[in-house]
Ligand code: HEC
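Let's start with one chain on its own, the form predicted on its own, as structure tokens.
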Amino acid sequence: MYARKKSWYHALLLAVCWVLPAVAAAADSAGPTPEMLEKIRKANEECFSCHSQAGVQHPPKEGMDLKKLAGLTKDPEAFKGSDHQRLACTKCHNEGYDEHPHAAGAKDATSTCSDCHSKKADRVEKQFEKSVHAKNLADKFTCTTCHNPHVMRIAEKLGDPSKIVQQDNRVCLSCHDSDEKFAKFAPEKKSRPLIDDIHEWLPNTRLHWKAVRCVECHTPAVGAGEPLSHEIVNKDKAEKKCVACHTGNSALKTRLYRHLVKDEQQKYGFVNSVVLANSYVIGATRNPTVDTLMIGLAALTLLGVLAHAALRILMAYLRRRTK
């Protein structure tokens, strides 16, 4: 009898051990409750009452160092659209931030990206170590050098390829197309290499940068479903074959359009329309601009045929009347 009770007790204990983590994980994945989100929003508003342009123009407290504060402002609206908008500012800015003004060493105690994204950080770090940036600027680069935590959104949530391109290329071009910022990272170089000259082999360079990301060519190939690598390669190793993107089996399907490809496959059962609708593919005319031109040419051709027929009928009629 005792053995049976003991066995039942062990089974119950085992079930609890299995169920509790599952319940906790489910609650975790559900995210914060509406009440918690409202509490976070109000707490963040208090931070933005100082750390925003409005805070600098209308300081909530007297005696604030407005010159210093002007360099520490963020855009509240941009933050609301970022991936971290559901987090309280104090999630990262924790120790030393309760005091006003904040403690002198508070910035050094700010949480790092790897505190929350440890698994991703391990994978990314191995890739970054092979990157051209790590070879030349390892001591100056952190995650936030490229990924602004107050603004950035992951590509899957942005969805629209044009928004993804705009966000990601802004990161690259903010350094490589800016004398001031380039000098900050490479003061030993007397002048910044002009990226238009470096990419002179690429037709319509600036148009490409509006349509595709720098990382499409400056990172190694990835398989379907895999995230892009953080191994940024230099110009000698970068992709320079047009057909890598401009073919039916475009590399963009596993890169820029990979999130749309997944949605399209689930919805329609095929994926080519994602690529064909957004970029010119040799032998296809699914590009919206090309389609418009083709419709226009067809309409003009039809109009010309009708005008020619009408003119012939009119001339025949006039000849009959003359006779």
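From a predicted model like this one, the values you see are computed outputs, not experimental measurements. Quick note: we count residues from 1 along the sequence shown, nothing fancier.
Below, we turn to the form predicted together with heme C (HEC), even though it does not appear here.
Taking the partner from elsewhere, no residue among Leu37, Lys163 and Glu180 has a non-hydrogen atom within 4.5 angstroms of heme C (HEC) in the predicted complex.
Thr142 belongs to the set of residues with a heavy atom inside 4.5 Å of heme C (HEC) in the predicted complex. When contacts are judged by a 4.5 Å heavy atom cut-off, Thr33 does not count as touching heme C (HEC) in the predicted complex.
Remark: Lys253 does not count among the residues lining heme C (HEC) in the predicted complex, judged by a heavy atom distance of 4.5 Å or less. Looking at Lys68, you'd find a heavy atom of it within 4.5 angstroms of heme C (HEC) in the predicted complex. With the partner removed from view, the residue among Leu72, Ala109, Ala78, Val222 that has a non-hydrogen atom within 4.5 Å of heme C (HEC) in the predicted complex turns out to be Leu72. Contacts of stretch 69-95 with heme C (HEC) in the predicted complex, defined by any heavy atom lying within 4.5 Å, are made by Leu69, Leu72, Lys74, Phe79, Asp83, His84, Arg86, Leu87, Ala88, Cys89, Thr90, Lys91, Cys92, His93, listed in sequence order.
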